[in-house]
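So this first bit is one chain, no partners, the form predicted on its own, shown in structure tokens.
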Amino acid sequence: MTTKEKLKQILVEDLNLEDITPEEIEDDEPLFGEGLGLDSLDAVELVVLVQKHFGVEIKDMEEGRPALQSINTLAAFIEDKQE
């Protein structure tokens, strides 16, 4: 399973997204606002889930804001930190 596939699965299962499957999430779709509609509480939970599942820490909003734009940006952030 790729990082992007795992992220999509985590979003749907752990954030309890309804009416959407991991396969329906576009790689460049915004995670917040008009995209998937995540909110600030989801952001906090997502930061915890990224650390739990990938061992990667998002230290603050300065680091997190660009990383949490889309599946593409989050996967790139995780893969960069794991190297």
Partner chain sequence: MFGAGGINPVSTQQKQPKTLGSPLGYRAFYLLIRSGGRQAAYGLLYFVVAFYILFRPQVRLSCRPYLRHRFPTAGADANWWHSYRMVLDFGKVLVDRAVVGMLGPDQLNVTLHGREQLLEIRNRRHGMILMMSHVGCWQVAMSALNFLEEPVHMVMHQDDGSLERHYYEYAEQECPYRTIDPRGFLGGTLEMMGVLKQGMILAVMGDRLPPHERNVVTVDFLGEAVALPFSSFQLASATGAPIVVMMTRKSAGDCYEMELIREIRVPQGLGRKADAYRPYVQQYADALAGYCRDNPYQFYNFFDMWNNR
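Quick caveat: nothing in here was measured; it's all calculated off a predicted structure. Numbering follows the first chain given and starts at 1.
We do not show the form predicted in complex with the partner chain, though everything after this point is about it.
- Partner contacts here mean any heavy atom within 4.5 Å of the partner chain in the model of the complex, and among 71-79, 55-63, 21-29, 5-13 they occur only in 55-63.
- Although the partner is absent here, L36 lies well away from the partner chain in the model of the complex, with no heavy atom inside 4.5 Å.
- In the model of the complex, F32, D39, S40, L41, D42, A43, V44, E45, V47, V48, Q51, E57 are the residues of 18-57 with at least one heavy atom within 4.5 Å of the partner chain, listed from first to last.
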